[in-house]
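In the block that follows, a single chain appears as structure tokens, in the form predicted on its own.
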């Protein structure tokens, strides 16, 4: 009787499932995650909402950076993410550059972190926008990052920023009945500048994009990041096959939050459907 040959081991099957992480300060990034899954349903995703510390817009640089780094470590170390998208504009403004240039280089040189600001501005200029309004958290507007990045892309465009600090709490806590009047007050000085486009510079604002379009009488092109980031991510993966090949393709989607509260659970069900469970994210 001949010797039985051992079966070949598929090394890839023993690897941990490599995922795409999506991080936001709270609820807003779920809109982006949902939109990404529609265009790229085959990949494995982990969503993390830092609901315990939302909103980030009124916090210091050090606090925002530390919260962002801790969230990224959670996605890398506990959930085997190879690529993380920071869906939070405030975190992108504050932490992205340092995370990419120092944190990744020193700790995870083969992994990648992407933000939402440059893709958003690229899309705006591709559409011919030159007079661009921006509604966002106070931190994002005051940082002038949108102004700096648009100048790198084109000298022909100008950003007009308007801090809108009341919108995130209203969206997170179902404050719909107060929304229209507050939005009108925020939008009025921007509309008077003769904008051709308006960037919703916080992923939470995706929830009110239709309302913004109605209040501007559809005279301004409203740029919403759930419509921008998915095709930009698809393009990124096409241009970086070395990353795309590392990602598992089983179509899984997990949701984590630092505080699994009633409001967040209601919003998860509203956005994702009844079959999705939000789990508590445990990290220092």
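Numbering follows the first chain given and starts at 1. Note that the structure is a prediction, hence the values are computed from the model and not measured.
The same protein also exists as the form predicted in complex with a small molecule; that form is not shown, yet it is the one meant from here on.
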Where, among 236-244, 252-260, 36-44, 23-31, do residues come within 4.5 Å of the small molecule in the predicted bound form by heavy atom distance? 23-31
Taking the small molecule as it sits in the predicted bound form, is residue 168 near enough to touch it, meaning that at least one heavy atom pair lies within 4.5 angstroms? yes
Could you confirm whether residue 75 comes within 4.5 Å of the small molecule in the predicted bound form, counting heavy atoms only? no
Just checking whether residue 133 would be counted as a contact of the small molecule in the predicted bound form - the rule being heavy atoms within 4.5 angstroms. no
Are any of the heavy atoms in residue 87 no more than 4.5 Å from a heavy atom of the small molecule in the predicted bound form? yes
